[in-house]
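Here's a solo chain for you in structure tokens, the form predicted alone.
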Amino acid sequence: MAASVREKQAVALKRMLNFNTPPLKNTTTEPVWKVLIYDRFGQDIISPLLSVKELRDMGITLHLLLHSDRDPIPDVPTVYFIMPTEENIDRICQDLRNQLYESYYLNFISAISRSKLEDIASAALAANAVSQVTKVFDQYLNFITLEDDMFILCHQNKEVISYHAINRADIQDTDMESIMDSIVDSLFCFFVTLGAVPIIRCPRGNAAEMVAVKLDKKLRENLRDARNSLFTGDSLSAGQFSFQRPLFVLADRNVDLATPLHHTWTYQALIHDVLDFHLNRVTLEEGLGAELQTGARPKKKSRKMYDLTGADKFWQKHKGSPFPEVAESVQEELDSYRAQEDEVKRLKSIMGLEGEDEGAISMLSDNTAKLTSAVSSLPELLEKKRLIDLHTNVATAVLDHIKSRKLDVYFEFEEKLMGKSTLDKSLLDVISDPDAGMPEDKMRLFLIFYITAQQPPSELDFEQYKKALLDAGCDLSPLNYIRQWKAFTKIASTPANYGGSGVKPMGLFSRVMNTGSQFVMEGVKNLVLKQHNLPVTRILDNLMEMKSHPETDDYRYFDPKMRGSESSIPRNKNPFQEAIVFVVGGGNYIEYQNLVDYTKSKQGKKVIYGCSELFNAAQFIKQLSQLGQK
């Protein structure tokens, strides 16, 4: 798999913006100027992949939301990138009637039905605009890629396919069908874009199995329709694939409810846990500290947005690192930048000197070269400074949360619970400690304890815990749901094994950064992670390496390319080189990072992580409490 799915999706988008012809490389001609009209779904797919500058290079002068008030621009071609929903189709018909643009290239994120196409056709006829609707395409891009090896299904309307939606007690069969259909539609788009027909494995008797059955059927129907199959011919230029097909493992969120509640210690997962981080963009509220001292009237809080992208080398290198390491690296970057900055200033002042000073002139000859290089490296330096500022701000914001909520204590305690190692203080102490964390942190800790416990606590202890949680201001509805869930699932007999997870405390940050450092980390524990596999990673490892294991031995097998009964008998005896793990019911960066670390230890293997939605612990607790309130 030479190109990552992120590159493939970006290539598909660029092709679409170029009126569905592959953009020519290195041509000097100006691009055709055009307008891009998208809906919120389209916006979410494009924004993590293409920057505004890249859009402009593709000739997009204006990008607007479909349902905004748009003025007519009569002599410009327009590219639409939208979901084929009723209201979107109505709006297109309205645009045609109002003759807003010169020509229309309609691209649907997911396949459009025959009847809706006919609606557009009749509107075009009525508006006398048939010749202006130049092309209509199904793009099969209904998923969002966040990393080279990570995708989610949707960001808008994600509550439709959320954990809460799938696990509601009062769900109707028809609702469940439509949830499964929308998940399968997105997964189908994913495989069309990837250009591969996977071998599907899934557990029995849960939502993951329903998805697998439907996906297998959809892939099979498409492969059988040879004329219109999306998996043949030039759409997949030869040579993109190794001969081996990828393994597609479907897991159900219920396999492991502890990880999404876990306090974490790596950079990306921490940002997602404590800050507002969506679609690779983090939003910080600034201007909180200053007005307290001066007594002046409080400033309006300004909000800053930062994009954490693949182009940011620091981010790529450190998003999976433990937080103390990140803080140290930011500080090092800052110091090295300051050294370079002084050099530039020095060179500039030397050049500015008048001719009296003999020394300055004799230095000119060798300094001209130096200055030229200084000037040419300025933009690079400024970009470096922007990234350093970005990470300084983001890391400081994260650090504030760690310190004020004692997240290091929680992280260490939970790792011990999940790793079944001995605890140095009782759970009750942490819950009743008024300085440790917010009610939500305490709830997360207790839920992890409850989920991972071999035996549920006795009624007496349980009442004691409940009282402590209530005193700490916790809402107990998530616990109600987890109790039902634990009683209901037979997993209670064999709690998920979290491997020998653990942390080595390296003592407190004594030598942390010299005094001039931006990060004052007194009292925060310097914890180092030990590599261990979480349940989802372990399931993948068993299936990818063809290991026999009671946990995965009865997983179902689907091969959409095979006919009849053969399709459900595993034929492949060799380990897989490429795999996609998909969690139905939501995922998180902790699992993603765990898979990334796992893949690093395996030579030549590629693993992609996908989930129906990405939630942090706070959002997950919210869903659990909605389930517990019924």
Partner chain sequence: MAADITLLFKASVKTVKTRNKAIGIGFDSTKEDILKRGRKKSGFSQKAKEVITNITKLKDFLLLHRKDYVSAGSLISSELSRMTDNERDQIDQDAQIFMRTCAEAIKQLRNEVEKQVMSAQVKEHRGAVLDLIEVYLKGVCKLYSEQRAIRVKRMFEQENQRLISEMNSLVDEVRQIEGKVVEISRLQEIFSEKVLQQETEIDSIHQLVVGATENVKEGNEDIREAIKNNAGFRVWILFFLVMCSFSLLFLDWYDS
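Positions refer to the first chain, counted from 1. Here the structure is a predicted model, which means the values were calculated and not measured.
Just so it is clear, the following notes concern the form predicted together with the partner chain, a form of the same protein that is not shown.
At the 4.5 Å threshold, heavy atoms of Glu102 reach the partner chain in the predicted complex. Put simply, Val596 is far from the partner chain in the predicted complex: not one heavy atom of it is within 4.5 Å. When contacts are judged by a 4.5 Å heavy atom cut-off, Ser426 does not count as touching the partner chain in the predicted complex. Proximity of Pro550 to the partner chain in the predicted complex: non-hydrogen atoms within 4.5 Å are absent; the residue sits far from the partner. The stretch in contact with the partner chain in the predicted complex, judged by heavy atoms within 4.5 Å, is 114-122, chosen from 553-561, 206-214, 315-323, 114-122.
Exactly one listed residue, out of Leu230, Val274, Ile89, Leu390, brings a non-hydrogen atom to within 4.5 Å of the partner chain in the predicted complex: Leu230.
Relative to the partner chain in the predicted complex, residues Val398, Glu415 and Asp471 are all farther than 4.5 Å at every heavy atom. Of the residues in 67-81, those that come within 4.5 Å of the partner chain in the predicted complex through at least one heavy atom are, in sequence order, Asp69, Arg70, Asp71, Pro72, Ile73, Pro74, Asp75, Val76.
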